[in-house]
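Given as structure tokens, the chain that follows is alone and in the form predicted on its own.
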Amino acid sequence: MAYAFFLGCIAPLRYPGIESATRVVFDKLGVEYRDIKGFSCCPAPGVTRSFSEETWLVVGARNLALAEKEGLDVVVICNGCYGSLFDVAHILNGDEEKRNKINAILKEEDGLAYTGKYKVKHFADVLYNEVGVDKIKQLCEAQQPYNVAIHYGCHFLKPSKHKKVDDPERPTILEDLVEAVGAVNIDYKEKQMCCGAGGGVRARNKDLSMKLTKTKLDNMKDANAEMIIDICPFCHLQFDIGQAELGEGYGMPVMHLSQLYGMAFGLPKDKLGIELHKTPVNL
């Protein structure tokens, strides 16, 4: 297994612990990853595509073409990056005219070309389907027996007819992944609801954004969650900073799945970055 490691924007800029944790977890699991010179923003479709689909396609295709040049599938640690790059690939793979137009631009600027020979994968999908739950259980050195509220986010499972990661209404992939290290998955009301951040909502309509976040946090708290597990840095930011912004004493630490695994594998805490979270992680 070898992948082009796509960091996105939020992790390296706001939550470097997510990036660092993913690296050491991949090392522990034997997942080979490579940093690709020239990777940019995915770009965020909620902003860029809203103004210019062609610009969005060019930037996304350029990232994919850089990975193709190295002969690698792309692995992402962010649902937004996954949604954007997956959608770019899906559109260009199914529309030769658009693909030719975008490639003409890439050739002029970078001498690149997108062919569609390689895939975009979410790291949770790689953990589940490439590494496997059994290996994760074998490497677990410190069980994490916390009641966890899992947050899937909007772009990991959908559009389900194209991604086919899991049942979009009753998924179990993340439940299996957290239970592999001893965590206790708890069900809570409106589990598949948006965190409130995506699609430009946090930036454009903060009041609405925080209403959505409060609803989710209230539902998690009512279900006696001790920890929130996410697989997206932007969702992570919304729950982590959002708790401080709401100021209602939720006290639920927010952990990206890679950070939970870092704890379970007994990896150095200074590689996990949990001390940088706005909501303290006192576990």
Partner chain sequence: MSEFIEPNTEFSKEVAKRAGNTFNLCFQCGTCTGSCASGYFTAFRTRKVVRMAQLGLPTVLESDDLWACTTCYTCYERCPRGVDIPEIIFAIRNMAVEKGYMGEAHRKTAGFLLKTGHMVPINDEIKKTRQHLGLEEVPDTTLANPKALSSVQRLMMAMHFDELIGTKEE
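Note that the structure is predicted; figures quoted are calculated from it, not measured. Positions refer to the first chain, counted from 1.
Omitted from view is the form predicted in complex with its partner chain, to which the following refers.
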Handout entry: is_contact(residue 253, its partner chain) in the predicted complex, heavy atom dist at most 4.5 Å
Key = no
Exercise for the section: Indicate whether residue 199 is a 4.5 Å heavy atom neighbour of its partner chain in the predicted complex. Expected result: yes
Problem - Partner contact for residue 266 in the predicted complex: its partner chain, 4.5 angstroms, heavy atom - result: no
Exercise for the section: May I ask you to state whether residue 59 is within 4.5 Å of its partner chain in the predicted complex, using heavy atom distances? Expected result: yes
Practice task
Considering its partner chain in the predicted complex, find the one stretch among 121-129, 191-199, 74-82, 142-150 with heavy atoms no farther than 4.5 Å from it.
Solution key: 191-199
Exercise for the section: Check each of 165, 212, 178, 136 and return the one that places a heavy atom within 4.5 angstroms of its partner chain in the predicted complex. Expected result: 212
Handout entry: Contacts with its partner chain in the predicted complex, stretch 80-109 (heavy atom within 4.5 Å)
Key = 87, 102, 105, 106, 109
